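Taking the form predicted alone, here's one chain by itself in structure tokens.
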Amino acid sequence: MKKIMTGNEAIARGVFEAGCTVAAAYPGTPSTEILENVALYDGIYAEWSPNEKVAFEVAAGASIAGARALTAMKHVGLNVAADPLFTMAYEGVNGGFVVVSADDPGMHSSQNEQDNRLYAQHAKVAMIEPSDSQECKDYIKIAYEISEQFDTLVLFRITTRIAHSKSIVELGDRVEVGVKEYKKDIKKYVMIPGHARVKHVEVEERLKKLQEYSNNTPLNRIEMGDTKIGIITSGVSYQYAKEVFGENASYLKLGFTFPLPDKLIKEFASMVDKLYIIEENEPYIETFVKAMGIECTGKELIPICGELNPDIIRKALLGTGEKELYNVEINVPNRPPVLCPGCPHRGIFYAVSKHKDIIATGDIGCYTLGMMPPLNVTDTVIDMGAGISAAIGFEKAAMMGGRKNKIFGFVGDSTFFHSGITGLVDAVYNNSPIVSVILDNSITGMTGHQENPGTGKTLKGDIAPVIDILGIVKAVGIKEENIRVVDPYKLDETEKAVKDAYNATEPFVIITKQPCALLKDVMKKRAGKYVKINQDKCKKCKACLRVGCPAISNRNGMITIDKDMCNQCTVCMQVCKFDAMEKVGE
């Protein structure tokens, strides 16, 4: 049977067909849908883990125990999981172990642009790159075979365009491989230095065997066309190259990309007149080819920044103009990023914005948008968990520099479980009088409403214990008098909590509790409710505009509220001094 699938859906299907039995991940675009689809298949235990390192370790443990295991993450997530990655490269596997890294060239939803092919080289593990959805499914199955044949985890590297693009996939049946027998082997699975020194030698020997495999596997293939131009490429770049050059070039299409096939590359280079390397981001293949003494052209012409497409390649290598595209006679209005109407984060950011001398360290999530005007709260965003730990750094620097700014650090509920807890431990341990604001909207919002340890449900939809954030905060050592739990829709109590925190001289925590306004149950409950402006009472003071709600606008001097966007959170009503706003729909 054939089916149109995204790359992420096809990976999930391949995992199912390969007989995988344990999968773990932390959501992150563009990889999120892999586990969401894996969870739909019977016969596979699938979980959202608190962060990528935990997910990796869950899958690694399952592999050692004998199960075929999967973990998936976006590219920056592999940074979080890098610690076990490097050690598992030594320990190897029992059941096959595949690690999906979903890279994001062009940074469509990421804080940096990194090429994780370099991780395979650095950690010395096998790497596979598919170029469409069919290969996503097929190559995953091969990845498990390679993993078990060579006793190595396999890095399965995709990019945003592969993850989200759709193409036809031929489905197959699941192969039940069961769970292998586990035999205690401390020299293989206990990496004390004495064992690790031996394993490093084995890793180097394994790489030689993998390179020989790379030279002979059908995952790497030569496609001969016109020999005047030869192109070495991988992943989605292969599709772009084929679209631009068609039969007017020959290709070395690489699917197994670490170790790279030295003999095959040399053979292909000898068959063509002019050799190009077409790849996104880093000159990963190009550097290898040039190190072999083979003349080629790559990043001299192909951009290193951003995502490629056929037009960029055509212009760079052929010097021809961009292909004419279909024109759409619609002017799309600009839509700056902004917190949603009714977003529960607005109340706390509005309250904090009144203190102009505050420094606010943000984190990865919807609340990053607290940086946008008119709120203008956030000063920094680094990575997940840094909302608290960077605040500690700011506080210590301010102390050493004699500055008096109060430091607020923001994290979401999912981010708190991910890696915010350790920052809070540091704040207590090192007596940093920062204010940690934990924005609990009862979901992992930005990636599309995935469950987390605080929501009471698992990835499979089963009821789960709710991990109590307040209890963790107390257990870490925050004193009860330094904790406030507030409803951010109630500005008076939120502003009072911010004022108490501002004046505190010890580590302080504010927990805001109000569910995401876009949750289905919340939207259903608030349907038909909105706030309207009594124009007779409105003094056009524009105070309501300062909360930054996109439902409120100033049209030709008249303040209006879009009733279709409004969900009656009432934050705007509380800042109006003239009682000019009225509830409708109750």
Partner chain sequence: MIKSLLFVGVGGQGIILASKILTEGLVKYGYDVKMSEVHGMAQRGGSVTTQVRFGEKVYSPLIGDGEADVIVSFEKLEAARWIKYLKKGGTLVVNDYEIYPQSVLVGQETYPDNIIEKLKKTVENVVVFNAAQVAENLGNIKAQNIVLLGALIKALGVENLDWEAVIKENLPAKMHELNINALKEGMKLSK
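Just so it is clear, the model here is predicted, and its values are computed rather than measured. Residue numbers count along the first chain shown, from 1.
What comes next is about the form predicted in complex with its partner chain, which does not appear here.
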| property | result |
| --- | --- |
| Contact test, all of Leu308, Gly445 and Ile552, partner its partner chain in the predicted complex, heavy atom 4.5 Å | yes |
| Non-hydrogen atom contact Pro336 with its partner chain in the predicted complex at 4.5 angstroms | yes |
| Partner proximity in the predicted complex: Ile330 to its partner chain, non-hydrogen atom cutoff 4.5 Å | yes |
| Close approach of Pro515 to its partner chain in the predicted complex, 4.5 Å, heavy atom | no |
| Residue contact check: Gly477 to its partner chain in the predicted complex, 4.5 Å heavy atom | no |
| Proximity to its partner chain in the predicted complex, single hit among Glu243, Asp185, Asp151, Glu493 (heavy atom within 4.5 Å) | Glu243 |
| Residue (of Lys199, Lys141, His164, His355) lying close to its partner chain in the predicted complex, criterion heavy atoms within 4.5 Å | His164 |
| One stretch from 235 to 243, 201 to 209, 269 to 277, 284 to 292 that, in the predicted complex, holds residues within 4.5 Å of its partner chain by heavy atom | 235 to 243 |
